[in-house]
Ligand code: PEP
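Shown next as structure tokens: one chain only, the form predicted on its own.
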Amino acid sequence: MSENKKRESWLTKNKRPIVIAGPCSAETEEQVIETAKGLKKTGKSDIFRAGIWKPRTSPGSFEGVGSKGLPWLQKVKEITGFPTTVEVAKASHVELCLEFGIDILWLGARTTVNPFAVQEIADALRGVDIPVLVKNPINPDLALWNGSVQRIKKAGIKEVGAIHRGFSNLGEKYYRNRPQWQIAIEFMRQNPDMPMICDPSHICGRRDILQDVGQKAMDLDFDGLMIESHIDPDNAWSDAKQQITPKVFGTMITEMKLRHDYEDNPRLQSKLDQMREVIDHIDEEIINSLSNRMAIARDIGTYKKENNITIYQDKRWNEIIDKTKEQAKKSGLSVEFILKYINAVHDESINQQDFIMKKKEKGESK
């Protein structure tokens, strides 16, 4: 098989999951090679990753070993046969990676958020045949994520993939970066032919929930995972809490369940289509009910206008919230979901009533 054909197989959807593993940071030659050997022994990893340049939040933090780590990745490839991937943040990084035969590049979240940096990298990639992965930006900005991908594609890169690593959220307690799966799902809908890799390590920021997040990604039909693995994670120079040993990594991937694509099985497809038809009917009823609700809201708006009553009624709104939360609990729905729903309905009701309030009646001055 030619080198080009091997390269094409690394990011296609023909293989699920595509598994990328390796340390957050390349620290020493021994650490990199021993981690790679451990991952090779599991038989569960396809691509070896390691951070060479580390964009850190605080000055003085470990910012990577720099280009001296690139020959270590060359040795990894020679010893294990793993393709290698490295994060790049500027044109000089791209040039050094190409010089040392790195097989795949990825753009980190701090780079994706900066169109100038992405364009610099795109310009450095013109005329190069190498796969590129683009992580989502730090904040939940789908347009910015798509824009970064388009810049890379316009540079002539044919194999482009995406990495979902979650989004920064002030006050987040459970995750390091909140997954906000709906944004990644919408990205996949808009880019159906682009491989989507999940990075549970950066979503979780801790080891104990890595498998749950990785499994959810597989259940949502992601194409693969990027997992940080270190031969001695407790003593890692960066992000120690989210890294796992190669042995734990191997067990985790082994225990994950891969779901079927229902289109490959006519029997499953028929049954699923039946259940989806029921959902379509229920959705239609919900929309009709919402339409009826808004008609009443407009009537209420007319009454308020005629009697000079304010649109927003604090006491009434609190009653609705309390009642809806109780109904959610009784119905097996999450309170978080029902509050999002009722807030959306309330916002639309206010908009409908506001339209009535502003509507000019016959005889009113313009």
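Values in this document were obtained by computation on a predicted structure and should not be read as measured data. We number the residues from 1 along the sequence you see.
The next section is about a form of this same protein that is not shown, the form predicted in complex with the named molecule.
Just one listed stretch, out of 109 to 117, 215 to 223, 70 to 78, 187 to 195, contacts the named molecule in the predicted bound form at the 4.5 Å heavy atom level, and that stretch is 109 to 117. Contact annotation: K54 falls within 4.5 Å of the named molecule in the predicted bound form, judged by heavy atom distances. Shown alone here, L11 lies farther than 4.5 Å from the named molecule in the predicted bound form, counting heavy atoms only.
The named molecule in the predicted bound form is not approached by A21, whose heavy atoms all lie more than 4.5 angstroms from it.
In the predicted bound form, the named molecule lies within 4.5 angstroms of at least one heavy atom of each of the following residues of 179 to 212: D199, H202, in sequence order.
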